[in-house]
Structure formats: C-alpha cells, structure tokens
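Before any questions on how it binds or moves, here is one chain, the form predicted on its own, in structure tokens.
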C-alpha cells in the first residue's frame, strides 16, 4: 500500500452550485496530497461538472450507484458506459441503503461489479451484516456468502476496493469495537486469499465505512488489514472531511512511513 484511501458517499445531497463551490475548495486543499487516494462518490448528475473541476488533480470522481446493463428501456437508470462518458472513474456498488431501500441482493451486486469492470470503472463494493444477523451470530457466514456471490466475476487481472460496512452502523453514530473491525477485515482478507490466492489479494484494498468521523478515523486506519475509510455525512462538510483526511493520513504514515521525496 502506497496511499491511504479515503472515499465519500454524498447520498442525495447538495445542489450543483453548492457542489461546484465545494470542489473548487477541495481541489485547492487536497488536489495533490502525497500519500492520499481521495475518491469522491457524488450524485451522478454532477459528475461531468466535477470531473472538469478535478482535471489535473489526484482526486477521483465516482458515482454512488451503477446499472448492470449498458443500454435499454430502464427508465431512470445510469449505466457504466454513460458514467464513463462524463468522466466518472469509480462506482460505489452494493451500499447498504441500496440493499435496504431498493432490495438489491448479492447477485445484483455481482452483476453491477462485472459491468463496472468491463467498462473501466473502478469498483468499491460494499459488504456487511445487519444488526439482526450480527446478534444471531451470523456475521461471518454473511460475509462469506457475500464474498462468494458478489465476486464471482473476478479474474486475477482485476483490481477493486472492498468496503466493510456493517449495515447497522450506517448513519447511526455507532461503530463496532475496534478489535471487531479488525477481525472482520481479517476474515474478508482470508476469504479473498482462499478463493483467489495470496498474490491476487494484493490487488484488493479493504476499507471501513459506517459512522466514520475525524474522532475515530485515526484509530480505525491504524488497524491491521484496514487500508482506508469512507465518510458519509461528514464528507458534506469540507472542514469535517479535511480533519478526517488529516487523521487518516496521520495513521497511515505511522504504519506505512513514506519514502523520501
């Protein structure tokens, strides 16, 4: 790992004007930060404008969703080739709110992943258990099923990020205990190695998402097998996101000292 990875999910927030003002400042502050891979997943209708603002910077612009087909009579959906045509580089796939409100299952997540890879869109795939599944002692079996089903299309040439996002932690302000986060990430890594081999696992970065804040990001990013974090509500506020980025980079540098410039 050469960079600390930070991604965002703006969900259904901000106007175009607010978004453009935000990104002009963001590019000034973090457009070329050494040791940082910053991925901003935003509402898809703003991607074209934001991609232009970020041109020449190291910030990667992503979509919060993607449709698994290319073209057709699918009213309101946006496909990988459409996203790529406006400068989208990354897609968030399988977020817990897509699973909860739009009933997306692991099979559909796998189809979306396949489409993203086929069209050069870098995937961040979200997996994680519900509160009911965790309380029933099924967290590991759920993660095992998700790894098996969501990633069936992978080949040894593919790269992606996997975000462990316990569904009960999204937007609640509550996160698992730090050893539990580390344990979940270790289990996911072991499942990837089991199915695809140790060499391939180096193509996979494991991220944590779910009520991440500037106050807990240093501790989370210091955990073994955690390569970065995702911010939701915090990412809508530039000061909050910047503080989170600084804490994440600080943790990464403590554990992965950067070589001399």
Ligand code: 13P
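Positions refer to the first chain, counted from 1. The model shown is predicted, which means the values in this text are computed figures rather than measured ones.
The next section is about a form of this same protein that is not shown, the form predicted in complex with the ligand.
Out of the listed residues 11, 253, 243, 14, 11 is the one that sits within 4.5 Å of the ligand in the predicted bound form by at least one heavy atom. The contact with the ligand in the predicted bound form, taken as any heavy atom within 4.5 Å, belongs to 233 out of 31, 233, 35, 48. Across the options 22-30, 211-219, 48-56, 192-200, residues that bring heavy atoms within 4.5 Å of the ligand in the predicted bound form belong to 211-219. Looking at residue 169, you'd find a heavy atom of it within 4.5 angstroms of the ligand in the predicted bound form. Although the partner is absent here, residue 112 lies well away from the ligand in the predicted bound form, with no heavy atom inside 4.5 Å.
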